[in-house]
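Read the single chain below, which is given as structure tokens and is the form predicted on its own.
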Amino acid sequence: MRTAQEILQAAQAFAEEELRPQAGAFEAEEEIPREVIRRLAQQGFLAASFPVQYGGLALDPVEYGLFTEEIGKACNSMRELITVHTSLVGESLLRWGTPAQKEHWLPKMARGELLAAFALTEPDVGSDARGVRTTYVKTEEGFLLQGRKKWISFADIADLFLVIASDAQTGEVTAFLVERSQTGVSTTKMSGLLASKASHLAEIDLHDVVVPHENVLGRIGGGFSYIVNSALDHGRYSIAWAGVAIAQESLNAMATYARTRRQGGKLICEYDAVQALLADAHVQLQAARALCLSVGRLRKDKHHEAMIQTSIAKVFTSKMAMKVATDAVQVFGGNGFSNQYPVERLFREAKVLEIIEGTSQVLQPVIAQQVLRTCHHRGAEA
């Protein structure tokens, strides 16, 4: 069995050899070839946080965060696959699945025999699971699902969907494991996107889909309070590290460029203005990585503040990544506008992090409530 350090070194080597040289091509062709995903799975990287008994690598939260950074620096779309397949769906199965569900699905997910996607958002519903319009009705055969999902990463090639739907009569929200092969399931690939072009985003149509009783994840009516909240928490932890990854890649790119690009008879890294951008980016990145490591330790210890601290890290690192990527484009000047240079792609990918798994504006009121509970002077209440 490999140590965590050996796994991280293998991830770094895989990213360097298989992902970074092709990241731009994946984006241009709007897909990651299945062969590349198959080689990723052979390394066990689709189950990095799963226990060994299910074919995983058993990385703890801190190690899994560092692993996410290695993959995310080289290819944001492949990192996105790991976020939805491992963090959102896999971690939800581990937390809420029955023993039979875990034995049936997790080893196949670990081997890459099937890919999984998290189907929450809809044409008119974002992260608010209580408002989903996809419905279910209980029948003798199981549950009859009707509805439409949108913005679902890797839905175009996924074999298994974790679908969030509400009871047509009571509005209770429940989570279902829906297989692509089930009658009434179809997907339509989305195009014309700002970023995540290689993430196989698709819409999912569910028309009279009969889901058997054994494919309910968690308890009936527990889809929002348990499944969605914990799934998004795992997703936000992954996104927080994705921000660190994009910022580090942007900083590496701008420092390399500044050391070789000449203007006015000297290297641009000799100008105070460029050095200020490099220094600010480095300071912000170090702060973000320290925050993510701290959150990882809280998650490892199952600390009661791990979830709110994860949201704080997601908001901070996504904004930080956008700022660093923007400054990277500034250092590249006119070349930063060209897709011949990586900062153009990193700039677009950074923006997405402020939106997915709950926008910064959705998370800020949650964080503000914690501030009001914990940051006031005692005895000063009105």
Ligand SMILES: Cc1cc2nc3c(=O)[nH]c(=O)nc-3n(C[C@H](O)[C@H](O)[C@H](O)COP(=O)(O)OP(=O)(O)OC[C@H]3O[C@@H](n4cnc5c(N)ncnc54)[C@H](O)[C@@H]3O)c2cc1C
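Start at 1 with the first residue shown and count on from there. Every value quoted in this text rests on a predicted model; they were computed, and no experiment measured them.
Beyond the structure shown, there is the form predicted together with the ligand, which is absent from this document and is the topic of what follows.
Looking at 276-284, 205-213, 296-304, 116-124, the stretch with residues near the ligand in the predicted complex, meaning non-hydrogen atoms within 4.5 angstroms, turns out to be 116-124. The candidate spot formed by I152, S196 and Q361 is fully in contact with the ligand in the predicted complex: every one of the three has a heavy atom within 4.5 Å. Although the partner is absent here, L201 sits close enough that one of its heavy atoms falls within 4.5 Å of the ligand in the predicted complex. Although the partner is absent here, A58 lies well away from the ligand in the predicted complex, with no heavy atom inside 4.5 Å. Contact annotation for L66: none of its heavy atoms lies within 4.5 Å of the ligand in the predicted complex. Although the partner is absent here, E80 is a contact residue: one of its heavy atoms lies within 4.5 angstroms of the ligand in the predicted complex.
When the ligand is considered in the predicted complex, only one residue from V329, A41, I355, V62 comes within 4.5 Å through any heavy atom, namely I355. Proximity to the ligand in the predicted complex, defined as a heavy atom within 4.5 Å, singles out one entry of I227, V84, V244, I71, which is V84.
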